[in-house]
Every structure is written in C-alpha cells, then in structure tokens.
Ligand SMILES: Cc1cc2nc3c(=O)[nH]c(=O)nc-3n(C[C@H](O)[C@H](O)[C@H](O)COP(=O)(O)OP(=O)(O)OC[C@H]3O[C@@H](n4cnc5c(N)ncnc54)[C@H](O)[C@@H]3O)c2cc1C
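Shown below, as structure tokens, is a lone chain in the form predicted on its own; questions about how it binds or moves come after it.
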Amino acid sequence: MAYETEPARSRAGGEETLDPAWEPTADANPPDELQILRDEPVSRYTSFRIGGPADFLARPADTASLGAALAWAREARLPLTIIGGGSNLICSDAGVRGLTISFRAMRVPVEVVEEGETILLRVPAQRMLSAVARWCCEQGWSGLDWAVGLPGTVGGAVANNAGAHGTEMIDNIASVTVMGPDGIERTHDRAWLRARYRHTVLRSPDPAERPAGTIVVAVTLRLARDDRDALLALADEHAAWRKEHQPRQPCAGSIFKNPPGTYAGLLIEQAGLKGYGVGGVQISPLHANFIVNIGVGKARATDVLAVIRHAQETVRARTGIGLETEVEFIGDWERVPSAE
C-alpha cells in the first residue's frame, strides 16, 4: 500500500503528469547515517514486483529514523512517496522522483491497555497487518480476524481504509497518530480520517483535503474480548478462502473498487476477460479482479495499464458501468486511468 504525501504533480484536463519544473534546490546528497539508497528498483519492495528506480529510497525502521529522512527530504525539497509494505500499488516503469520511503518492520512492540472487556491496542504503522491480526486472535481479541493473510502494513491499511469480509479498518480505529513534514507527531480522533470505502484523507486526490507531508506512524485500535479458538478458526477460514479464490502470483491485490450492487471481478469475468494478458501480465484466471505478474523481471507497468484500460473499456461497453481503480499509481506517469 502506498500514498504520496508531497507529489510533484500537476493536473490538467483530468490527466496527472509530473511537474517538469520541479528540481531539488539542495544538492540531494543524503547524510551517510541515513543509509539512503540511490536509483533503487522499487520492484524489490512491492508485491507486484514491477516498477522502475526511485531517485532515493529509505527504509527507516522507527519514527526517529523516519523523522530524520523526512527532515532531509524537506531540506532538499524532494517530493515524498510512502510505499509501506508495497501492496495495493503500481509503480511506473520510469520510477519515482524524489524520496521513496519503505516504512515496515516486523518486531516493533505494540502497547496494550486493558479496560474490562475492551482492549486498546496501539500498533506502530510499520508492523505487517496480517501478523498483528493473527496475534490479536491468539490473544482472544476480536476485530481483526478479517485481516489475517492480507499483505501490507498497518499504516497502509489505515491510510487506504483496507477491508475484507464486510469489515474495514475504520470499524476498530479509536485514534491515529501521524507525523507531519515538520517531524512532529500528532494524534487525531478517528473522525479526522474521514474514512469511507477504500479511502481516507491521506489518499485523497483533492489537495485541499489531503494533509500534505503527513505519514501514519501508529494507530490505536479498540478491540473486544472473544473466544480465542473461535477467532483463530475464523481467521484460518478467511486465510483458506484467500488461498482458494485469490491468485498466488505477484500482484497488487484487487485492482478495481466494487461498483454499488455488484462486484468488479464478476463484471470482468462476465465480459470474458479472465486470462486476458498483455506482455508479462494477465487478468487472473482464478479471480478476475486481480492482474498477476506472470513474467517476473519482464512484466512492465505499461502492460498493467494496458490491461486495466482494456477491462474498463470492455466492461463499460457491455454494461455501462465505469470501473474505478482501487490500486494507487506512484511514480512518473503521463496518465493514470479513472473510471473510464
């Protein structure tokens, strides 16, 4: 999952392009202690295994190193892109300008406050969502069983309001802590996110709504006590369902949002597009709302874009329904698809 916090982009005629006037005003030489990589392939950090190089890429494991990376990016006036666990995104073949941050870590501790039958759990954003969800089930705390087996970080799940099996992140969020471009952490009530289906202010396309330069660093979840064995059984059921119904090849997760009253995958399947491919990618023969990478090292983001546009055009011609993408497009794109 990803969200751009200070994209150097301009919009005209519904198209999104990289601002050609952008240039860093500093020498863009990061201090050695930040361990920032140059021209690092973003494909190494995404579940799709597709994408060109980032000008600079940082892998902070804690908020201190994250703040240091943000301070350097601010000094160098670099656009900033957060890719979290690298799911739910498609990176351009041309790569990403400025600083890209892969903010994930496995062993950052969580904080637990027990209030009778209620559990308040403060989870660092860089933790992987699935591991946290299974651990909660093991403790007998309900609310995250739906997330077992899902890729991505907790922070990305918050920013995108991830969900499955009729539940979303916002359903259990009490508050969210973010770090602004000034490096200061601030905690907001859940209402601040303005969450709706696969959306929060942190991924809003409206600059007036999106808080620029703001990154999720932690979330406090409100969970309830429940039967441990029942929760683990439910989590295993969800994980088994994904293994049976969703592809195992590299992918970005669900490509399209479900239109009201129906399912994107069903519309694509009914249009006869299962297995349709371009270059090194194809619409999954298992689940039509997934595009899978069948040529790792050869597949290109332009292949993915061609498949997305073909699916949108075919479904619209057949049903009149415009499919809106759920995945995020990061990097240097001339144009990204809307609900065409």
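Quantities reported herein were computed from a predicted structural model and do not represent experimental measurements. Note that residue numbering follows the sequence shown and begins at 1.
Unshown form predicted together with this ligand; subsequent notes refer to it.
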Requested in this report: Identify whether this ligand in the model of the complex is within 4.5 Å of every residue in the set V42, A69 and G98, based on non-hydrogen atoms.
Outcome: no
**Report entry** Contact stretch among 112-120, 131-139, 144-152, 258-266 - heavy atom within 4.5 Å of this ligand in the model of the complex
**Finding:** 144-152
Report summary line: Partner-free chain; cross-checking this ligand in the model of the complex, the single residue of A164, A212, A233, V201 with a heavy atom within 4.5 Å is A164
Query - Residue contact check: R225 to this ligand in the model of the complex, 4.5 Å heavy atom - result: no
Query raised in the report: Taking heavy atoms and a 4.5 Å cut-off, does A252 contact this ligand in the model of the complex?
Result: yes
Report task. Report yes if any heavy atom of R194 sits within 4.5 Å of a heavy atom of this ligand in the model of the complex; otherwise report no. Result -> no
Query raised in the report: Can N289 be called a contact residue for this ligand in the model of the complex at 4.5 Å between heavy atoms?
Result: no
Query raised in the report: Relative to this ligand in the model of the complex, which residues of 32-53 have a heavy atom no more than 4.5 Å away?
Result: S47
